[in-house]
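Starting off, we have a lone chain in the form predicted on its own, written out as structure tokens.
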Amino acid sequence: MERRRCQIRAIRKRVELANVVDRTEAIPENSVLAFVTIRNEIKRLPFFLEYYRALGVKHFLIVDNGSSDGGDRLLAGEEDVSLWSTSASYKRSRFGTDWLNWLKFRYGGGHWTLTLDPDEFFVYPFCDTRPIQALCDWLDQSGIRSLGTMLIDLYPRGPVADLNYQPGQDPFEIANWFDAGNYMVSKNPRYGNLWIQGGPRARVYFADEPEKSPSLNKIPLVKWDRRYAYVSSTHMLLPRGLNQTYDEAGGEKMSGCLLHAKFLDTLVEKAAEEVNRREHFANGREYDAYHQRSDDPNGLWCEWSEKFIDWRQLELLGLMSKGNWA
């Protein structure tokens, strides 16, 4: 059984994790938890933590994969963070999936869990007025165990190298444009999840082979059970029923978005590093594209780009839905 194999892998991979600081005994009952893997993200961490605390996340369980920028020391001093470190291969942990599957197996049962990258920011209907706990209570009452999202790449008008992102800064102050259309959606016949591609990365970096562009479908919010396991990042889970975050009959089921703050000036250095490390999916093909391409004066921006306003804009464009939650 594939799910069992994923769980066994996670249990075996736990030996790669060394605990730095364990505050899990302080996790409040029925609270929302965030699970994250990081590497050299010290500039992003202050705003990331601030954003999710304001949303209502009560505890962060974080794996630091060989950072050298001091981010591990910053996190160790945060009272709502439990931290593990590892120098093991990100690639051989299935890009961090095994490590976080283990932490969710150990600590996530019975909690609503957000599994995130440090450049992903969850938005959902009414997120400006209703905390995430209210959303999770409604999902519980509705018998919904998982919430699907679409990853929306935000980018500046101009080359990312021209930005000067500062620690603690809201990245969407300087990278606030996105593609309102240009998306392809299909159904994964094996796992039943939606498969979404497109946006600026397909348009610019994978223009000749859009079918090889990164997948934008994610299921980051799950009411965790020890029997569950992610298969590939947060793109799909087991058991397969968790992947049906859409209405097959053609109606609307509630969904959210992950605002993706990848396209900052920090990407320039990261792409150069990952070209050599080869620790990311498809042997770092995506980072090859970032590293090799010379941006034109507009960067990823084009005449069809839209400036980001709020979640209501995303709903009007059909990129997320409030479903029956009113």
Partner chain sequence: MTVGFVMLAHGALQRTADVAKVLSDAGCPLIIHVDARVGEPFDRFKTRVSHLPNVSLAPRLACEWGTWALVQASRDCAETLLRQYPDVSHVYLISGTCLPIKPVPELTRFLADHPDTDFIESVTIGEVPWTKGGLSEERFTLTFPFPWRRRRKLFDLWVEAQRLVGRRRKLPDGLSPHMGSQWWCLTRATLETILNDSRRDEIDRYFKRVWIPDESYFQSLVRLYGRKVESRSLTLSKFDFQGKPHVFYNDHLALLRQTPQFFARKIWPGANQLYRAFLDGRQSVPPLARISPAHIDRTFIQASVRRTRGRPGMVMSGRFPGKDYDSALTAAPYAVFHGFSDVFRDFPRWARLNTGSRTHGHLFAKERVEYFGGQSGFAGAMSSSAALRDYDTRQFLRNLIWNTRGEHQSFLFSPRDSQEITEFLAADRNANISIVTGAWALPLLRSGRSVDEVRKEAAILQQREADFIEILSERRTRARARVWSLAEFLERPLDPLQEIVDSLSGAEQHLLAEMPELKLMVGLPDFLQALRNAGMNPHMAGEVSEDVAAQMPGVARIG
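Positions refer to the first chain, counted from 1. Note that the coordinates shown come from a computational prediction; the quantities given were computed from them, not determined experimentally.
There is another form of this protein, the form predicted in complex with the partner chain, and it is not shown here; the text below is about that form.
In the predicted complex, Tyr165 stays away from the partner chain, with no heavy atom inside 4.5 Å. Among residues of the shown chain, Val20 is not one whose heavy atoms approach the partner chain to within 4.5 Å in the predicted complex. In the predicted complex, the partner chain sits beyond 4.5 Å of every heavy atom of Ala88. Among heavy atoms of Asp225, none comes within 4.5 Å of the partner chain in the predicted complex. The partner is absent here; in the predicted complex, the one residue of Tyr246, Trp99, Tyr191, Tyr107 having a heavy atom within 4.5 Å of the partner chain is Tyr246. The listed set Lys253, Arg240, Arg157, Arg73 contains one residue whose heavy atoms approach the partner chain in the predicted complex to within 4.5 Å, identified as Lys253. Partner proximity in the predicted complex, defined as non-hydrogen atoms within 4.5 angstroms of the partner chain, places exactly one of 165-173, 80-88, 131-139, 110-118 at the interface: 131-139. Shown here without the partner chain, the chain has Gln141, Ser142, Gly148, Thr149, Met150 in 140-173 lying with a heavy atom within 4.5 Å of that partner in the predicted complex.
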